[in-house]
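Quick heads-up: it's one chain on its own, the form predicted alone, in structure tokens.
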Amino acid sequence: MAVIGGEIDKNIVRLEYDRGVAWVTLNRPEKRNAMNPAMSLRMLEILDEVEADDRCGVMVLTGEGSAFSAGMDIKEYFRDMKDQPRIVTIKVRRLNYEWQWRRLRYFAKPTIAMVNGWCLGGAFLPVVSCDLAIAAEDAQFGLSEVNWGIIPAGNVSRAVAETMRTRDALYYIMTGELFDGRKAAEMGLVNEAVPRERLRERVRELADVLLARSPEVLKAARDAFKRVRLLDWDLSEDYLISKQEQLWYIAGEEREEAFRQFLDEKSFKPGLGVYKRPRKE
């Protein structure tokens, strides 16, 4: 088991920048990118780095080799933890929760999960925490916990309830059966499934669409949607009005430019495209 507080293996997650996109790749292909404490520590470092780096407008999360991620490393999280004090197991598991949903769900930059292969158990959580998800048609998903005596914990069940229909979710939680990327798209776990050879190209296309939008507006819109799902109608109304007023000041120049192009120049139509964003020096 990786020692908490020791030196972090930088190669366990790979980070590359390319034309506004930060490609973050889980890099334990020999373990199908199973997540362990060292990976969690490295992901927390990378999220901090990417969030502050102007080279990133959109972050893509994927896996090296044949898997997105096979979920939690059973040996490191269960067998090796068997005789550890509870405080140690709690600390180690909190590392997962910290990056997989506390940090990722409300990340400063738009996020896309690119599911290139196996996606099992605990790997559902970062997929759902990303704003959008595109899968290979032949990617294999599974909630296999029932097959070996545990439940989809660590907020995995909450992530599934957020995205999948109740009957579908219970079917796969209770049977542990696999389903492919096409089925994942049909059930709402991912946005769409494409042939594997088109996967990176499609994700790049989607990232470019997001890069053409105002990052301040995207952040506000993403956060607003996620927050109001947990509120009643009255609180939601108050929150959205406050959020809009806040954005009025944060992105005022861009909004006025959009109004000018629509009302004065008539150079774009909001429902059919995006305005030409002003260049920032």
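Just count from 1 along the sequence shown to find any residue number. The structure displayed is predicted, hence computed values, not measured ones.
If you look for the form predicted in complex with a small molecule, you will not find it shown, but the lines that follow are about it.
The stretch that touches the small molecule in the predicted complex, counting heavy atoms within 4.5 Å, is 93-101, out of 93-101, 196-204, 162-170, 128-136. 151 is the sole member of 88, 174, 151, 209 with a non-hydrogen atom lying within 4.5 angstroms of the small molecule in the predicted complex. In the predicted complex, residue 156 approaches the small molecule with a heavy atom inside 4.5 Å. Although the partner is absent here, residue 190 is not a contact residue: none of its heavy atoms lies within 4.5 angstroms of the small molecule in the predicted complex. The closest non-hydrogen atom of residue 78 lies within 4.5 Å of the small molecule in the predicted complex. Although the partner is absent here, residue 145 lies within 4.5 Å of the small molecule in the predicted complex, judged by heavy atoms.
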